[in-house]
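Given as structure tokens, the chain that follows is alone and in the form predicted on its own.
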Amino acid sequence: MDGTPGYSDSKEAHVRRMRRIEGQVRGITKMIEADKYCIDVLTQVSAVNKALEAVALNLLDEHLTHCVTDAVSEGGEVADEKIKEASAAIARLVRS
């Protein structure tokens, strides 16, 4: 394995998406400071959660198709460790 992250080909897209999410979070802060209606704030919080979930799922997909696939090709303990690592990441995403 070369140590290159699975998302390296789409790094800029991920950075843009995270900056957009960062802007959404700042917008929520401003909504709270401006005493906006609770449901409107909650709607925006939900949108941020969904956007973060989409980023996480894309990163997971890239990890599976790059890092885990490479480790499985290598075999042995490396493969076992990457599969356990991916399973733990999936479990964390499901619980969140």
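All residue numbers refer to positions in the sequence shown, first residue = 1. Here the structure is a predicted model, which is why all the values come from computation and not from measurement.
Another form exists, predicted together with a further copy of the same chain; not displayed. Remarks below refer to it.
Residue contact check for E85: one or more of its heavy atoms lie within 4.5 Å of a further copy of the same chain in the predicted bound form. For E22, a non-hydrogen atom is located within 4.5 Å of a further copy of the same chain in the predicted bound form, even though that partner is not displayed.
For the partner-free chain shown, H14, V15, M18, R19, I21, E22, V25, R26, I28, T29, M31, I32, E33, D35, K36, Y37, C38 of 13 to 38 come within 4.5 angstroms of a further copy of the same chain in the predicted bound form, judged by any non-hydrogen atom.
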